[in-house]
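Just the one chain here, the form predicted on its own, laid out as structure tokens.
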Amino acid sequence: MQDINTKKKGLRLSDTIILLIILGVLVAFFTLINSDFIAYNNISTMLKNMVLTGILALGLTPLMIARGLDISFGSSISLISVVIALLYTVGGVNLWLALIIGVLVGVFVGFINGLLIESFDLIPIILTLGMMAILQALALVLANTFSNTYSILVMTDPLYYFATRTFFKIPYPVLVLIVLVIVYWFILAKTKVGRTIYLIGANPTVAKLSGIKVKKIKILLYTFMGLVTGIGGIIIVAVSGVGMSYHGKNLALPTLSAVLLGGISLMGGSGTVAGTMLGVLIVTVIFNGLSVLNVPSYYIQLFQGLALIIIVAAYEIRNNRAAMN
């Protein structure tokens, strides 16, 4: 009986393999329907579109593994883009200084999120939901007060160059994502810090008893989430050419869908960078494929919402069955 059970368990596909199969099926499906799906221009556009979601998903990965959560990143992106645009276009501040200040805004927001959550044992989703509303309001107030508009042009050659040029046909924004993927993979898979993050997520009490400063580490993870949000803010300003108070309005759903699809558990302790990036690719392929087929955006949003519910339910059912066995 034991041998039979062992064989059955051995036949169970890993989450990564399942995600690769899903990705392959989706690519084949959309290619069969429309051969332009795998054309270079469409692939290049698709990769550019996934950069922001990918960067934000990377920031969420270690945070959610450690049982944290941040849903304020969309509004933070909006605020950062407005700050950069106001400083450079309206205030005449040096571009590089404006970009640095924009990133620091993201870092500060992440730090405040972590500090409040860990200092007062607040529920992450509640605190960051409130912060999301505050940041969105700040973005709107700043943009309307100093420019009388919600969209501020950022006309500058360096950002345009970054957004439009390629290196061996790989867009520069995609290269930034690749570098961050390597950094996050190395930290989580190959370092003591990564093992500590997984231990905190698996059992915070054991982690504390082991001498790990759980609260400080989680505050740092929220701060790093703020850092990657700042980087995302620069990229969205570079690609769009504007700072806008609604830039991050629709980022939460695809980003969280990608992270959860990639195998990150809401209960912490599980997930990988590879899984996250496969989740990002799947979400991007679905959105791009439906767009190529001229499916209206509101139907795409409906599909994303349904997919998120199905994803979470499927993982919970699978994990419960695995625990029972």
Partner chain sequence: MANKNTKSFLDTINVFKKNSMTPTLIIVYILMIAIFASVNPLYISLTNIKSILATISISGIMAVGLTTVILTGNFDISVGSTLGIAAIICAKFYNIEGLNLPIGVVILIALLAGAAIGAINGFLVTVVGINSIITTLGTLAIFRGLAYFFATETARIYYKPFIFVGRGYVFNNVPLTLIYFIGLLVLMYLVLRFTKFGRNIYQVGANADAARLAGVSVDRTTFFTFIISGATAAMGGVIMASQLAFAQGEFGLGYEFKILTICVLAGISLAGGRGTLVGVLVATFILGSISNGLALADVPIEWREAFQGLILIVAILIDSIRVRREKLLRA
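Keep in mind that this is a model prediction, so the values were computed, not measured. Residue numbers count along the first chain shown, from 1.
Only in words, not in the display: the form predicted together with its partner chain, which the text now covers.
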{"property": "One stretch from 295-303, 271-279, 50-58, 35-43 that, in the model of the complex, holds residues within 4.5 Å of its partner chain by heavy atom", "result": "295-303"}
{"property": "Answer option from L104, L140, V93, L220, heavy atom within 4.5 Å of its partner chain in the model of the complex", "result": "L140"}
{"property": "Contact residue in the model of the complex, from L180, I100, L253, V242 (heavy atom within 4.5 Å of its partner chain)", "result": "L253"}
{"property": "In the model of the complex, G130 touching its partner chain (heavy atom, 4.5 Å)", "result": "yes"}
{"property": "I170 within 4.5 Å of its partner chain in the model of the complex, heavy atoms", "result": "no"}
{"property": "Contact flag, D157 vs its partner chain in the model of the complex, heavy atom cut 4.5 Å", "result": "no"}
{"property": "Close approach of I18 to its partner chain in the model of the complex, 4.5 Å, heavy atom", "result": "no"}
{"property": "Those residues of 111-135 which, in the model of the complex, come within 4.5 Å of its partner chain by heavy atom", "result": "L116, S119, F120, D121, L122, I123, I125, I126, L127, L129, G130, M131, A133, I134"}
